[in-house]
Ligand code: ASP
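Here's a solo chain for you in structure tokens, the form predicted on its own.
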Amino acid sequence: MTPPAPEPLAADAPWIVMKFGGTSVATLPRWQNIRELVAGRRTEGARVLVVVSALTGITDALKQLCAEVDAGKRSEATRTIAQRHYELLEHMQLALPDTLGTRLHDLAQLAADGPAATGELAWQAQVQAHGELMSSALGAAFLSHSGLATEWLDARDCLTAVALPNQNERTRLLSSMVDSRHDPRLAARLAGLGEVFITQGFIAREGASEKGAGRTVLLGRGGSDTSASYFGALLKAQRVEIWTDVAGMFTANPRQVPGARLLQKLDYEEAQEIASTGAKVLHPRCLSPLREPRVPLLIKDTNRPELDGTVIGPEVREHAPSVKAISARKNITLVSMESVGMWQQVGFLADVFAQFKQHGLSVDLIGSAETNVTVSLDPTENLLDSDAIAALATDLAKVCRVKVIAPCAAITLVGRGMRSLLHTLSGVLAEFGQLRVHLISQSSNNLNLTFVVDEEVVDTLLPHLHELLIAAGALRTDDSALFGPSWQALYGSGELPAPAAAWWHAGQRPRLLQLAAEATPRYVYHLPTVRQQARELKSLAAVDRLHYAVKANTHPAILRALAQEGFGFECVSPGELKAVLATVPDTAPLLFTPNFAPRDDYAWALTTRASVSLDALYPLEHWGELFRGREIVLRVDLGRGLGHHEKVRTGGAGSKFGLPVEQLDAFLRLADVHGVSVRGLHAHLGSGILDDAHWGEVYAQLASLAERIGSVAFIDIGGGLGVPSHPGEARLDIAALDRVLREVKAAYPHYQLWMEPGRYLVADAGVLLTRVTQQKGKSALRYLGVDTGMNSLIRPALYDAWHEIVNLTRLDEPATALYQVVGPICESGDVLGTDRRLPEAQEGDVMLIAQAGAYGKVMSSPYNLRDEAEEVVLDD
């Protein structure tokens, strides 16, 4: 049954402008999608203006036609172009509409006549305009034939190009701009003609000038997007929709970074920065017309209209500062100009930049010093070739020394409030410390930070930097109002597995709510998750012995569970040793790895079955008799530290751990004097490491040192296995880690391999339950108070650690509020989570803090004499 036709629209009905690109108009199924989409917008009670590009490949074919000198070949090209449209008409089962027939005839005539009558550039504009003229004529026929009455509209009757200063004939005709101020007369005129229209992107008509009026002009690269925005501004539309072959803008190029996240909401400036610094889905020129009338723009996928897409509009301030995207542009050329004479020299820069103007080259990035100015030339805005650069360099050499650096690439971080994010970017910035960075530019509008590096490093660097931004909390993928699913989830094989913490606590919600009703704050540990993590690590075939780093969580139930899984135990104090000895079987291996411990600690540990570790010269220099005849483990510092925060990096000169490698010979001499045998070599460089190659490097370095020593039987490569916390953060690939370790072990099969993971085993197994106490608003911030804080969980205050926080009471409600989650401790640092997107909370709601199984209760304190959190264990 045919649905009833919608009611006629009022004269002042809102407008929706919908733009469809070349791939979206190239086939019958795509046009059927367009028909359904347009009909849906009409049902909303809006007039619809459809803007279309030429069919895929037609614009290139028309450009090739323009390059042909021979009239016969031009005519042959027009026949090929016409055939493409005839084939689509046949699929649509349509006769040739008069509007399309006229356009095909006009194109054939233009091809036959050539540029002699109108001039080369004007002729090119007329020829290339036919791609959109033909596709829109075809589309009008199809939509009307499908029951959606559609008026064909010539965009040149609506869009008038404006003359700009310093505009030459080429830019006037082939890269023009349009006056897009709101025109009520246009809306009224169209409202009298119909309700659904189809028109062309990419083309406009020249206004009055000394050349006359009425010539066809083109809007340049990205012209169809720009046309849609011009129409949206002229009509003051309800919204402009850009329909393409992807769901929107992403946090990185998804073809390079499959884990790139959909950007659900951007303001005009952010979107323009992302578009202008590398994203191809939207041309930056198309956003400018929409700003003054504040018309929102949506990017949607024609084939997947159910996906949310990206909404671009006026600045929205209720979001936390965040890097929104990392983008890259290749083929960048740098021009470095140096002269001692430029310092305090009035007019020097004017003379330099005059040369760029003379050669028609626009400058993108600029870096300056007292004696040097370096600029970048972006190939998307310049016609760069070796002759153009050589000519520029020759003229610049008259006033300064010139160095051309190419090929380069510009890597740009984009986000509102970039300067406020610098403190979170230390790990990201460190990556550039290992590269040749030719230029750093921070935009004056505080929207981007750009690094120009050698082009060859970009393809491998970009995915790595994207992961680092998520791990650092600079790219706030936890904010569901801003960041959507990953490209992989939308178009690939599915989303990466969620962190294990999400698996168990979501399924235990009723039980957790009951535990919270009895008392809060409470730590709750899930033993099946501990066992699951343990068995995953036991799959490391290269590892001969696994020791649990007891300091992560000393609860007896966890110790017993890991003993049952065959783990040994690594302890850093007599207290930990005693707790383990009292809990686990006598067969469980023990390690004692203290740091700056007193003599008595070592003396007592030597009475137990634990292998004892030293990491300094002092114990042998001053207490040599204590270790006489003993076998010990030596912890060395390999000269570098890694980890998610400086306070968890346990290597390098800035760390108190480990014997410097340069002191190894001195240690071995002392060991010989006291009859001490070094049976094991140990290194642990930090925590929260997600790079599987790290442990292979440590293994190889320790094995090389062991070869020098001669008495070593085993190598302990430490722990620090990272646990992803931010949504979308890549998990450590255990299978890849095993491959790395097996490769090194193949070269050193005579050494046993030990590891000592801690947080990896227990972090996901624990949650902290707490209750909402009150709320407070201060300026633009909203504070959500809970009944515990840094006294129970100090990691956020100490390490800037990020823990997922959920409102367990309102788990299924939309997250619409942005909170600073704080505790009752009398310290400004008592913040458990900043800028968290959560449901609107009420006093008494149960909040769950995830990944609290490691370094939670063990680091808690009675500060402020607040009650300590109880511990509860779940074994099913």
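Keep in mind the model is a prediction, meaning the values are calculated, not measured. For clarity, a rigid core is taken as the largest C-alpha set superposing within 1.5 Å between two forms. Residue numbers run from 1 along the displayed sequence.
Note that the form predicted in complex with aspartic acid isn't included here; everything after this is about it.
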*Open site or blocked site for aspartic acid in this chain, with its pose taken in the predicted complex and fitted by superposition, and blocked meaning 3 or more ligand atoms within 2.4 Å of backbone or C-beta?*
open
*in the predicted complex, which of the listed residues (S792, T770, S224, S322) lies with a heavy atom within 4.5 Å of aspartic acid?*
S224
_Contact residue in the predicted complex, from L65, V821, A54, V48 (heavy atom within 4.5 Å of aspartic acid)_ = A54
*asked:* Based on heavy atom distances of 4.5 Å or less, which listed stretch (215-223, 574-582, 192-200, 437-445) is in contact with aspartic acid in the predicted complex?
replied: 215-223
*Give a yes or no for T809: in the predicted complex, does one of its heavy atoms lie within 4.5 Å of a heavy atom belonging to aspartic acid?*
no
*How about T834: is it within 4.5 Å of aspartic acid in the predicted complex, going by heavy atoms?*
no
*4.5 Å heavy atom contact, N33 to aspartic acid in the predicted complex*: no
*Interface residues of 115-153 toward aspartic acid, as seen in the predicted complex [heavy atoms, 4.5 Å]*: E132
*After the core is overlaid between the shown form and the other one, has the C-alpha of L219 moved by 2 angstroms or more?*
yes
*If you line up the core, does I58 shift 2 angstroms or more at its C-alpha between the shown form and the other one?*
yes
_With both forms fitted on the core, check whether the Cα of F202 differs by 2 Å or more between the shown form and the other one._
yes
